[in-house]
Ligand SMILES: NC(=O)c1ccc[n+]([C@@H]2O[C@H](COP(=O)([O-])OP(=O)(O)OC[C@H]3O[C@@H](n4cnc5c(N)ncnc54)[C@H](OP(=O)(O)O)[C@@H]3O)[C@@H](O)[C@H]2O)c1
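First, one chain by itself: the form predicted alone, in structure tokens.
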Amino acid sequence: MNLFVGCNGGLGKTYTKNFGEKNNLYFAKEKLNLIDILKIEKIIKKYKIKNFINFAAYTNLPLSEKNVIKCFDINCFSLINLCEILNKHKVKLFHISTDYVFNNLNENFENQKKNPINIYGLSKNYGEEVIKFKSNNYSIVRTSWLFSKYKNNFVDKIIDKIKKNENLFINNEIGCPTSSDSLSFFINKIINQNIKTKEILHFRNFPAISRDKFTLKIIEIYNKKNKKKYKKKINNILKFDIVERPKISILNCDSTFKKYKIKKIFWKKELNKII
């Protein structure tokens, strides 16, 4: 039996919808907090859990700059006790991380040195280090720019503003939009491998694109599917943004795709599905 936490977020909801099985356990973060380690251990012992899948994370970039302790509690410190409990009961950890542990990441170099430049990236970086130091059996999956049909992601926010005919203010960083559907497919694949390992994997959709051009593509697809057309221009937000972000962030997935025999998935096709 597998235990999933953080299932009320976009990725958790997507995975549960696509691959949810009755013989697994799925918890929203309000029902099972990573810090509540005694409750987690009781569940592991009672249901003989084999895999622990962590979808829970503090991902709000602007708020993480203000709520530093809370951000680190969720993304880093909570993993210390969690890894000890999972080791004790021989449970494998699957953990979602981010391209923001890097800065100006070039896809031509797979093993670049990590260099996070904002609080969110720092917290996820140290979370990775905790797992690498404490866990006996783990798969860390780094991904980028997740979007889904659910709330609180970039695509959802853009569509909401389009519907309200509001002006758009977008930064021009370059990265890789990735659908929660395709990532949940990959996560399900590696869970079912059922092997003991210590690995860090990269998964994203293709190709890389700038935020402003990605926004134009969202508008293009939305306009094709709706009678009401959005025609306002996109404004650059860099001078208003309080969070420093990598200007280029492109995960190299070569070794991951080769190891797990994964083919490239293109975000445009995924974007069409949810708009």
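Numbering starts at 1 and runs along the sequence shown. Computed from a predicted structure; not experimentally measured.
Only in words, not in the display: the form predicted in complex with the named molecule, which the text now covers.
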Would you confirm whether the three residues 94, 110 and 262 all fall within 4.5 Å of the named molecule in the predicted bound form, going by non-hydrogen atoms?
no
Just one of 214-222, 242-250, 33-41, 227-235 has heavy atoms within 4.5 Å of the named molecule in the predicted bound form; which?
33-41
Using a 4.5 Å heavy atom cut-off, which residue among 139, 205, 98, 184 comes into contact with the named molecule in the predicted bound form?
98
Under a 4.5 Å heavy atom criterion, is residue 57 part of the interface with the named molecule in the predicted bound form?
yes
Can you work out whether residue 145 and the named molecule are in contact in the predicted bound form, taking contact to mean some heavy atom pair no more than 4.5 Å apart?
yes
Though only this chain appears here, would residue 8 touch the named molecule in the predicted bound form if you measure heavy atom gaps against 4.5 Å?
yes
Even though the named molecule is not shown here, does residue 74 get within 4.5 Å of it in the predicted bound form, heavy atoms only?
yes
